[in-house]
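So this first bit is one chain, no partners, the form predicted alone, shown in structure tokens.
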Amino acid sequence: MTAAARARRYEARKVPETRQATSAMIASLAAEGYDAAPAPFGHALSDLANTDERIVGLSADLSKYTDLHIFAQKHPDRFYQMGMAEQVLMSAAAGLAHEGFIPFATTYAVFASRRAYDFICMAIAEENLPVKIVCALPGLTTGYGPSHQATEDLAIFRGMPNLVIVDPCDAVDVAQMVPEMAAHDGPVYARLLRGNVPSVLRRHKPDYRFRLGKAQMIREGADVLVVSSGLMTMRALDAATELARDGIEVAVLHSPTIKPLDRDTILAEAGKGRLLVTAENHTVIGGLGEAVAATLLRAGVTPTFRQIGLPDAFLEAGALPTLHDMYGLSTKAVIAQIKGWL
């Protein structure tokens, strides 16, 4: 590639002042019956940067696939393309944080958790720096197979001191977590739903607002309590609607912050005599389910407890609807599992 071609490739493009949609190359999670918002993370970060000059964005050659390209086009002087070098990405973000910036570093969840773990630990977490690591393709949100399916990222990161962990459900969560992450004085790891992201929570709870560190009851129910995070809150709510037709009342407690877990709310709801089910887009090893189970046992609260999550295995490649049915994450599969436990 010539010098002139390289310059054209990385030159910031001019875009009109409209709400730009996400890249057409990005596949979005299907959510039948819900409205969707295009690229809520990219727009929220761009809006925040309009009022806070400390905000900078970095990507490891994946800005189109983490919706950071929207920020890059609106704030080209504060965007850093680090290339396919996740360890350099995290080190550069740490350096910018040391200089007073609030870096948002984006890549895929598998690359942050597997390739860059030690750099995040030593350069960011140990220094308690305000680096915000926002990662697409969490859990089973791609059909590309084990190389891209971050089924164990929560387990990898939960043991890292100082690191807050967020698993948002929908477009409202994603957009509203951005300013709360920026305001948190320390590092945050957030799973990212990208592309056209469904708006779910406010259909069931019109006054819902994301609160860092807080779980919130989205739907009440007397028979079953589902404690969920990420896209599985959407699946739990859809399953609860269907189960109500069979006379089964399911409460859904959305826990978008995995660490620190909202211990008080979970314990208060777990003590009401219902079957307690955790639901997460993550392996059953080391994620939300085991965090909730440990919280219950330490407090001496012992409801009947079950987990919905991915198996402790490397998963197949294929179409997402097929994979979600296969591995128990679809609405139909959630309904079947809950009925089988009652």
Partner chain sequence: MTPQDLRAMANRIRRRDLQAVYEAGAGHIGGEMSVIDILTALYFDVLNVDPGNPLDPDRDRFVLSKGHTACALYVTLAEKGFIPKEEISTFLKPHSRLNGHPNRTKVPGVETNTGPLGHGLPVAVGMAAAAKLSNAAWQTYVVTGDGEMQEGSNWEAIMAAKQFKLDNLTLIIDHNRLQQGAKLAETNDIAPIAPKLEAFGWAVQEIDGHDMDQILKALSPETVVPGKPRGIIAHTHKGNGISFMSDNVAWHHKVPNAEQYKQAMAELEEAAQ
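Positions refer to the first chain, counted from 1. Since we're looking at a predicted model, the values are computed, not measured.
The form predicted in complex with its partner chain exists for this protein as well; it is not shown, and the discussion that follows is about that form.
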Report task. Spell out, yes or no, whether the shortest heavy atom distance between Gln81 and its partner chain in the model of the complex is within 4.5 Å. Result -> yes
Query raised in the report: Would Ile308 count as touching its partner chain in the model of the complex under a 4.5 Å heavy atom rule?
Result: no
Query raised in the report: Heavy atom to heavy atom, is Ser91 within 4.5 Å of its partner chain in the model of the complex?
Result: yes
Report task. Using a 4.5 Å heavy atom cut-off, state whether Gln216 contacts its partner chain in the model of the complex. Result -> no
Query - His98, Phe101 and Phe119 all contacting its partner chain in the model of the complex, non-hydrogen atom within 4.5 Å - result: yes
Report task. Answer with one of Asp185, Asp246, Asp77, Asp207: the residue that has a non-hydrogen atom within 4.5 Å of its partner chain in the model of the complex. Result -> Asp77
Query - Position in contact with its partner chain when the complex is considered in the model of the complex, options Met160, Ala85, Ala155, Leu267, heavy atoms within 4.5 Å - result: Ala85
Query raised in the report: Out of 144-152, 164-172, 124-132, 192-200, where are the residues with a heavy atom within 4.5 Å of its partner chain in the model of the complex?
Result: 124-132
Query - Within 202-232, the residues that have a heavy atom no more than 4.5 Å from its partner chain in the model of the complex - result: none
